[in-house]
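The form predicted on its own is given below as one chain in structure tokens.
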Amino acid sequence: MALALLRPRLMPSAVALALLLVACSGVARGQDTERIEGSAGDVLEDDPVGRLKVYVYELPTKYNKKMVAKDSRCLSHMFAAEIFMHRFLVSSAIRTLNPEEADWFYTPVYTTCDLTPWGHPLPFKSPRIMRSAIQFISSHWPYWNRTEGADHFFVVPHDFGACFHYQEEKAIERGILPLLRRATLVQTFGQKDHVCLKEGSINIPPYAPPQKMKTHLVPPETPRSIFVYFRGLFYDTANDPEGGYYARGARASVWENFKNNPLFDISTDHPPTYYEDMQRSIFCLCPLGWAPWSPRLVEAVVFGCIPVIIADDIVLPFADAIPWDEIGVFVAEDDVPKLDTILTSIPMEVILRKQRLLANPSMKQAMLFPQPAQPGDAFHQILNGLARKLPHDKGVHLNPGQKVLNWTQGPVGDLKPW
């Protein structure tokens, strides 16, 4: 049965809403799960242990631990993957203490942990922190210099990755930090044909607190009584006073078109029942904001709410392992005014299958950075991604005295000591 038969324009809105929710009442978290078929399912369940070795540089604590000690907010914001990846690696079975046998080198530098009073990373400091860390490893070990970073990976969870700015226009103007152009970047930002996403990057989910989400789980028999759910900004008047730039107008379009639609539970309020409400919802909107990604994507998958992805050309986390086309709904930014028609036209059997796939525990696990780490989690998916890049191409090693990167390239402000 297609939900199109129940569209609100064909009947009074209250009746339409009631019929829709009755029709979807079977789409709950208690249904059978479904394993991902084919290579994606195999990749999702890969075990990286024994397939690679990582050497973790020992940096002065000013680059990492002292930052967290100074501002513990870094441990809970959506950029915290860089901290927990470090903690995971130092005790991981893939770590080697012998750099001569390492496949990859990791530099534990927390570029998003120098925060404003409002909790946002200071973009003008991040590139200086990164440059300083690279200068340190290149002067204390020989491994950076022999490849100029081609066998190194860095976690860069900023809005626009190693472009180190939260506004796209300025991020594009900056480009990726020149010293990172041979390294592999592990980043949340992903958009096709974008200067801030280099080929070979590993796209990861943003950090969402696993323990906090676990404490908000609702009973399995709880029905999904909300058709479409969203909580967040529709306009950012502080940073985009004229409107139209924030979220490329997509969030504003959601509000203007559906604020009075009974099928849409949308608001700027962020209630204490936010996590519970997502578990009571069938579809959860995941529109772009300043960047294409947000923690809503993680929350939707973990809570079994079908993610409605509104971000043109987005590159999603672990796309070789997670079948986003099968578990989510993609809506073009220009098609937001037709969102009600699109969602109510999806056949019931399609919704049920998406729900079964989302109910697969391995799908949820891959989106999380739990403490301690667990098999199949986001840490292991990152390692799987690194393992699949091995062996390195012969061209990663430079000839003696050969230089590729320009240490003086980039904005003048980035060259200041940190």
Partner chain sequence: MMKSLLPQSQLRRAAAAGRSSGGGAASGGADGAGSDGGAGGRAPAASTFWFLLHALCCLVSLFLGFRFSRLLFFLLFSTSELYSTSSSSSAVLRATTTTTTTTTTTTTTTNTFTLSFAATSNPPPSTLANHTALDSAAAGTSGHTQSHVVVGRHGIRIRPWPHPDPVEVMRAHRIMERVQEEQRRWYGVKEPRQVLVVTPTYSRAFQALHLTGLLHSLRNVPYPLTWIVVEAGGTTNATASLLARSGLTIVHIPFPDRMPHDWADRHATENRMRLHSLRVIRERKMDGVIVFADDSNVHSMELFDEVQKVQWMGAVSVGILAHTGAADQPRLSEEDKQNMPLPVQGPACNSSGQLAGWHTFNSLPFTGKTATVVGEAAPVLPRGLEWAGFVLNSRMLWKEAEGKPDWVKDLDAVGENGEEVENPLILLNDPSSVEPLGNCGKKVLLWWLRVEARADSKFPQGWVIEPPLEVVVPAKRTPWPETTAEHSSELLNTKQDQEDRRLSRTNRSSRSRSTTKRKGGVQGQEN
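Numbering follows the first chain given and starts at 1. This structure is a prediction, so every number in the text was calculated from the model and none was measured.
If you look for the form predicted in complex with the partner chain, you will not find it shown, but the lines that follow are about it.
Student: Though only this chain appears here, would L233 touch the partner chain in the predicted bound form if you measure heavy atom gaps against 4.5 Å?
Tutor: L233: no, not in contact with the partner chain in the predicted bound form.
Student: Taking 4.5 angstroms as the cut-off for heavy atoms, does R131 touch the partner chain in the predicted bound form?
Tutor: No, R131 stays farther than 4.5 Å from the partner chain in the predicted bound form.
Student: Look up in the predicted bound form whether N64 has a non-hydrogen atom within 4.5 angstroms of the partner chain, and give yes or no.
Tutor: No, N64 sits far enough from the partner chain in the predicted bound form that none of its heavy atoms falls within 4.5 Å.
Student: Using heavy atoms and a 4.5 Å limit, would one call N260 a contact residue for the partner chain in the predicted bound form?
Tutor: Although the partner chain is absent here, N260 would touch it in the predicted bound form, with heavy atoms inside 4.5 Å.
Student: In the predicted bound form, which of the listed residues (E326, D71, D320, D313) lies with a heavy atom within 4.5 Å of the partner chain?
Tutor: Spelling it out, the residue with a heavy atom inside the cut-off is D313.
Student: Which residue, K192, H140, K214, H270, is the contact with the partner chain in the predicted bound form, using a 4.5 Å heavy atom cutoff?
Tutor: Checked against the cut-off, the match is K192.
Student: The chain here is shown without the partner chain. Which stretch in 147-155, 192-200, 106-114, 82-90 comes within 4.5 angstroms of it in the predicted bound form, by heavy atom distance?
Tutor: Contact criterion met by 192-200 only.
Student: In the predicted bound form, does every one of T188, E276 and A291 come within 4.5 Å of the partner chain, counting any heavy atom?
Tutor: Spot residues vs the partner chain: no contact at all.
Student: Go through 204-225 residue by residue and record those having a heavy atom within 4.5 Å of the partner chain in the predicted bound form; state none if no residue qualifies.
Tutor: Result: P220, E221, T222, P223, R224, S225.
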